[in-house]
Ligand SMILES: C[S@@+](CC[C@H](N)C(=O)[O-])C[C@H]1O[C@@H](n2cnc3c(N)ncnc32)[C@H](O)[C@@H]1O
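The chain that follows stands alone, in the form predicted alone, written as structure tokens.
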């Protein structure tokens, strides 16, 4: 499983789309609609935009208003942005920025009404979230800006049928999720609670909702890649028995067509305290 490859993002997009919490997504759009009378061109900045899946999700809401939004797709990966440009070359209201997300002060976030991120904040450190929450507070003091973060991994994975090593594998995988992924030591499964607390302390009203992947035989390729990704993460750890891991992988792959898998994620919507989404 490559977290940042075009292939991996394409593989997970369908599961992401059906897993996002619909209420928070629609509330984010309502927040923008409420500002339309004050601002002619509403702009969203998408952090870690990848190939543009969050933009596509907004556009799929069958809402003409969503099609009129302006987007700033921001990512550090030139390959992913090139794929986004290829897929959306006919959209004039999209700008692309290859930038280091660690340098928050250099990101084009001014004069935006909503900042979004998908499957990003479980990769970052406490220090990154501290800086981001401070930046959101500063931005909100200038104008009304919201934040929508979706599909952050929360540490819960369950399998059917079960295997005796499921809990051991999950514990080891969650420990791996806390290693440095380019933003300092990642919070991994703890990111959602920490992010929510910091945004609330910065003066935002924060709503949260679970957005788990519910995978079955229709998601065979995604599940196979998930199994391989977990195995690759644990293979690099000297703490995990290779033979036991191989046994778990073989069992999981043998039951991809007949079994199921749930992967826990969380969505967050943070709005200025004086704004209430419809």
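Numbering follows the first chain given and starts at 1. Quick caveat, the model's predicted, so the values are computed rather than measured.
We do not show the form predicted in complex with the ligand, though everything after this point is about it.
Asker: Within 4.5 Å, heavy atoms only, which of 143, 174, 102, 207 is in contact with the ligand in the predicted complex?
Answerer: None of the other options qualify; the answer is 102.
Asker: Report the residue, out of 43, 211, 53, 27, that has at least one non-hydrogen atom within 4.5 angstroms of the ligand in the predicted complex.
Answerer: Result of the distance check: 53.
Asker: The chain here is shown without the ligand. Which stretch in 131-139, 161-169, 188-196, 68-76 comes within 4.5 angstroms of it in the predicted complex, by heavy atom distance?
Answerer: This holds for exactly one stretch, 68-76.
Asker: Though only this chain appears here, would residue 152 touch the ligand in the predicted complex if you measure heavy atom gaps against 4.5 Å?
Answerer: Answer no; every heavy atom of residue 152 is more than 4.5 Å from the ligand in the predicted complex.
Asker: Would residue 12 count as touching the ligand in the predicted complex under a 4.5 Å heavy atom rule?
Answerer: Although the ligand is absent here, residue 12 would touch it in the predicted complex, with heavy atoms inside 4.5 Å.
Asker: Would residue 49 show up as a contact with the ligand in the predicted complex if we use heavy atoms at 4.5 Å?
Answerer: So residue 49 counts as contacting the ligand.
Asker: Hey, in the predicted complex, is residue 94 touching the ligand, heavy atoms inside 4.5 Å?
Answerer: The answer is no: residue 94 has no heavy atom within 4.5 Å of the ligand.
Asker: Along 112-151, which positions have a non-hydrogen atom within 4.5 Å of the ligand in the predicted complex?
Answerer: Read in sequence order, the residues that approach the ligand (within 4.5 Å, in the predicted complex) are 118, 119, 120, 123.
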